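Next up is one chain by itself, shown in C-alpha cells, the form predicted alone.
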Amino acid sequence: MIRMHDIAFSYGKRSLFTHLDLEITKGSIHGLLGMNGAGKTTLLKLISGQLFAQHGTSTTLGFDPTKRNVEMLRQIFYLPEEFPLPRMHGEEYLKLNIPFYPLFDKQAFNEYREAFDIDLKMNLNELSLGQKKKFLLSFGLASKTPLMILDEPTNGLDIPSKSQFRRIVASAMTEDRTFIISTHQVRDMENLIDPIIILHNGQVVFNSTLEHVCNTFTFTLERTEQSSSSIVFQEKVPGGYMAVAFREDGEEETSVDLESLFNAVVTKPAAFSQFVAKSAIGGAQ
C-alpha cells in the first residue's frame, strides 16, 4: 500500500526527516501520532504527492507519488486539518467533485450527511468549522477511495460529533480500504485506530498493532510509584501511577492505554525499537 525508504525532507535549512522508513499495509485504520511539530502533516503530504522528498524512495498504491498520476489521485481522499470551502451550496459541490471519484456512493453520502445533520442547501463557506468537517467527512467516506487520509479530523467537532465520527468511520471501513488518521487527540481515537504509528525526532519510532503491544507489555494503574525491573515507563496520573511493564509468562493481558504508550515511546524510544520493523504489520500490499 505505502512504502517509504530512506526519506529525507527539509524546510529550508531545518531538517525534518532523515533516513525515515515507513510501511503501511491495506485494510486497517492506522493512527499517526506525534508531538506538535513532529511532521505528521508533512508526512501525509509526502504520501499523497503534495510535497516531494529531497532523498529516498516512496510508493503509494503502487505509484510514485511525485508523479501525481491521475489514477493514483482518484484513489486518495485527503482531508487536511484546515481548509477553505467555496461559496456554493453542498449540492453544487457534489456535482463538481463527484466525477473525480469513480466509486462515489451517493446513497452512502446521504446516510453520512443525515447522521451528521448537514443541510445541502446552506452555503458551505458559511458553515462552522465542525460542520465543514462533517460535510467533507461524509463526502470522503462516500468516495470509497482505497486510501483515506484524515489530518486531525476531530478538531472542531463537539463531543457528540466525535462519537458519531468514530461510529461512522468504523462502519465505512472495509478490507479494501486503508485509513490514516493523524491526531494528537489520543483519547478521541481510542478503540478506533490500530495499528499505531508514532513519529518522533524525524523518524518512525513505532509501528505496530495493539495486539502485539498487548502480548509484550502490561498497562496497570498503581497507587504508588513502582521499582520493578520489568517496568519500562511510568508516569503520575490521576489516581496514582500508570506503569508500562514487560509482560511476564502467564501474566494476564491488560488493555493498552494509548496516551501512556505514546508517552513511553517518545520518552524511551530505544525500548520500543523492535516495534518499528520486526513487528511491522504484514499482509497484502
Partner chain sequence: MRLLHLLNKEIHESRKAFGTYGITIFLVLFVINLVGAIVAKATGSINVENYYGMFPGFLMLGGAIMTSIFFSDDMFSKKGQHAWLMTPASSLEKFLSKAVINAFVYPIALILLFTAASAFTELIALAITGDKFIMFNPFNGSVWTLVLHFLVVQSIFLLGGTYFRSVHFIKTILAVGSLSILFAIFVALVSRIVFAPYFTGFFTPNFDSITVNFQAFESNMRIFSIIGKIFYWALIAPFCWYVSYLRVKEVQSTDAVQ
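Residue numbers count along the first chain shown, from 1. Keep in mind it's a predicted model, so treat the numbers as computed, not measured.
Keep in mind that the form predicted together with its partner chain is not shown, yet the notes after this line are about it.
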Answer with yes or no whether Arg187 is in contact with its partner chain in the predicted complex, where contact means some heavy atom within 4.5 Å.
no
Any chance Tyr101 has a heavy atom within 4.5 Å of its partner chain in the predicted complex?
yes
In the predicted complex, Asn97 touching its partner chain (heavy atom, 4.5 Å)
yes
Quick one: is Ile76 in contact with its partner chain in the predicted complex, heavy atoms, 4.5 Å cut-off?
yes
Contact residue in the predicted complex, from Thr59, Thr216, Thr254, Gln50 (heavy atom within 4.5 Å of its partner chain):
Gln50
Counting non-hydrogen atoms within 4.5 angstroms of its partner chain in the predicted complex, say which of Leu210, Ala115, Met88, Leu127 makes the cut.
Met88
Its partner chain in the predicted complex reached by all of Arg3, Gly27 and Phe63, non-hydrogen atom within 4.5 Å:
no
Please pick out the stretch from 152-160, 167-175, 103-111, 67-75 that is in contact with its partner chain in the predicted complex, where contact means heavy atoms within 4.5 Å.
67-75
